[in-house]
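One chain follows as structure tokens, the form predicted on its own.
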């Protein structure tokens, strides 16, 4: 039960982090490879301080990590976190598709009875 709650909390933090278009843009950029703060900031008309705050939110959500490379601190996408999100989304999609298949079956049965 506890691990399920922790997993739900991680999903909540990740989805909340991705609710912001700037952070989604940063994740999209990081999907092409590591990037520095300056590289992540480039497409956005926001301050470096705002970029740093967005990075901290993504880090807290477990979506990105940072490493140290001499003076550089590149950001990296965390694939396992994205896999958890897509796994949850896929489960919801499969449940919905199953419900629609059952509804289609019921409708087809009713249609056959009417004929």
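Residue numbers count along the first chain shown, from 1. Keep in mind that what you see is a predicted model, and the values were worked out from it rather than measured. If you superpose the two forms and keep the largest set of C-alpha atoms that fall within 1.5 Å, you have the rigid core.
The same protein also has a form predicted together with a further copy of the same chain, omitted here; what follows describes it.
Quick check on residue 64: any heavy atom within 4.5 Å of a further copy of the same chain in the predicted complex? No.
Please check if residue 12 has a heavy atom lying within 4.5 Å of any heavy atom of a further copy of the same chain in the predicted complex. Answer yes; at least one heavy atom of residue 12 falls within 4.5 Å of a further copy of the same chain in the predicted complex.
With a cut-off of 4.5 Å between heavy atoms, is residue 40 one of the residues that contacts a further copy of the same chain in the predicted complex? Residue 40 lies outside the contact set for a further copy of the same chain.
So in the predicted complex, is a further copy of the same chain close enough to residue 74 to count as touching (4.5 Å, heavy atoms)? Result no; residue 74 lies far from a further copy of the same chain in the predicted complex.
Interface residues of 82 to 106 toward a further copy of the same chain, as seen in the predicted complex [heavy atoms, 4.5 Å]: Stretch hits, in order: 82, 83, 85, 86, 88, 89, 90, 92, 93, 95, 96, 99.
Is it true that residue 99 shifts between this form and the one not shown by 2 Å or more at the Cα, once the core is aligned? True for residue 99: a C-alpha shift of 2 Å or more.
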